[in-house]
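One chain comes next, on its own, written out as structure tokens in the form predicted on its own.
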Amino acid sequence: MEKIFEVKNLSYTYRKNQVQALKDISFDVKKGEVFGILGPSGAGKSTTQKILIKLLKDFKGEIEYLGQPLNSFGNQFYEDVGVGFELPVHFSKLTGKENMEFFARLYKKHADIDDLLEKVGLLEDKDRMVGDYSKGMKMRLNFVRAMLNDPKILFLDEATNGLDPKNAYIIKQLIREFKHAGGTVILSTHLMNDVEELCDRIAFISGGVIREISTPRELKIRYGKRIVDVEYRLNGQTESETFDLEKIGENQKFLDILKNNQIETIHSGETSLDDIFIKVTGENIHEDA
């Protein structure tokens, strides 16, 4: 699969306070995938994204974009990139439509604004002042802004944070559609449900170092327990048993329970991404909110 970005031995130190934010990290991002960058506050996630979108330039290491050095690209690079920052920044005294028309003028090409507004449920509010928008409406408008230039790559930071389930679903569905159309997404979030639903691969960063890179499924298998918990009804009571997953099809007690009892629940011992986050980074997931 073609690589959009290839990062080798990337390090970055902020000059003002001499804090080394990234320490010799390497990874790649493939075309058409949703790649998650996860970690606690101060881990290096934002620094990594800022470097990849050329906001920070004095880094050590190598970064290639589509097989060429990232620093060799001029402003044309930004025609390929859409960015949705965590905290939306809009002109509060302009309408939603006027905001998008202003930002659209920064690009040579752009998508249909009304179509994007309709997809996120803001078309009827396009002529309202953004200062009157709710936080959720501003977040949805932020996603429209990221999609304005019909980008090849989306950088999203907490894309669904603060949205109700219905509107969060809409944004996630649009991300899926973008991916299925060949787009690439680099996602940073503390919402593990979003990670599990959207990401093909994830990188856990802690202390400026990548601790793990893998798929959500592989991580859950690796960090989980190979057991099966069964809850079933016996003599009017709920009973539970735990079985080793190895050769479970040959375990007669397990088979008898399945055959002779009303099964209420069956769960494998896979762990949650929240638990993996804590194990890998040593941090509580909610501290990164």
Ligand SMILES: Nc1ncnc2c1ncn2[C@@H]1O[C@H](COP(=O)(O)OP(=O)(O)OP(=O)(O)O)[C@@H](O)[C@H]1O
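Since this is a predicted model, take the numbers as computed values, not measurements. So that there is no doubt, residue numbering starts at 1 and follows the sequence shown.
A second form of this protein, the form predicted together with this ligand, is not displayed here; the remarks below concern that form.
The contact with this ligand in the predicted complex, taken as any heavy atom within 4.5 Å, belongs to 158 out of 125, 194, 212, 158.
Proximity to this ligand in the predicted complex, defined as a heavy atom within 4.5 Å, holds among 224, 42, 61, 32 only for 42. Under a 4.5 angstroms non-hydrogen atom cutoff, this ligand in the predicted complex has residue 86 among its neighbouring residues. For residue 21, a non-hydrogen atom is located within 4.5 Å of this ligand in the predicted complex, even though that partner is not displayed. Among residues of the shown chain, residue 267 is not one whose heavy atoms approach this ligand to within 4.5 Å in the predicted complex. With the partner left out here, this ligand still marks one of 230-238, 23-31, 256-264, 43-51 in the predicted complex; by a 4.5 Å heavy atom cut-off that stretch is 43-51. In the predicted complex, 14, 16, 17, 19, 21 are the residues of 3-32 with at least one heavy atom within 4.5 Å of this ligand, listed from first to last.
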